[in-house]
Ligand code: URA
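Let's start with one chain on its own, the form predicted on its own, as structure tokens.
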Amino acid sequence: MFVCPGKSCVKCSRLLAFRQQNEAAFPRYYNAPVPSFGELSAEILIIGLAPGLHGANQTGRPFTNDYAGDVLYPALLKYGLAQGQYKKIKDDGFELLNVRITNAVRCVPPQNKVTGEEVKNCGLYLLDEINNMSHLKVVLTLGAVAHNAFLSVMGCQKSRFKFAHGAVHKLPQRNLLLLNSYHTSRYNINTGVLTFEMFDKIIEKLVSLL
């Protein structure tokens, strides 16, 4: 059975130091490795980058109270992959349907930037999680970091599966399908790299791949 790393995880010294700094600055925040959201029995896994300082690091749920969640969760609701009302808090009753959401790195990083070592360290948990998702069929990676983190834990040659928004890759391992999207970050939305309409099409495609 998959177990999410808790506060006892001290693998990444930089992230640990930042966590301790945030515990002092924001004592009411979750301030720990953020557990995944959704059931292990889901057929869909969505992988993001890492918790936001005032988002998932505050609430303890991926993409919750973060601008990226304002893009992600309404789209999932629109296409029948969620139910309830997303209120930007962990206990809002919002539920995922056949979807599980996680991050490549589960602790909030300084300046929202992770290192290769941190991705590798957390990859052990990501692989364990994937191995415990016996019904998994489709993986949606939000951004190149999540894309490469997933390929690494699956032992795939990255040059064979290049990241491109909207691209679908068929992996030999477990016959999984991998769908790429730009991350739903505020920066990508503000700069027009990703629009709400573009992301709706990604989720529509995600549903069609099942």
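As the structure is a computational prediction, the values presented were derived from the model and not from experiment. The first residue of the shown sequence is 1; numbering continues from there.
Absent from the display: the form predicted in complex with this ligand. The rest refers to it.
This chain is displayed without this ligand, yet in the predicted complex the stretch 50-58 from 36-44, 50-58, 174-182, 155-163 comes within 4.5 Å of it by heavy atoms. None of the heavy atoms of residue 32 is located within 4.5 Å of this ligand in the predicted complex. Contact check for residue 68: a non-hydrogen atom falls within 4.5 Å of this ligand in the predicted complex. Residues of 101-134 that come within 4.5 Å of this ligand in the predicted complex, judged by any heavy atom, reduce to 103 alone.
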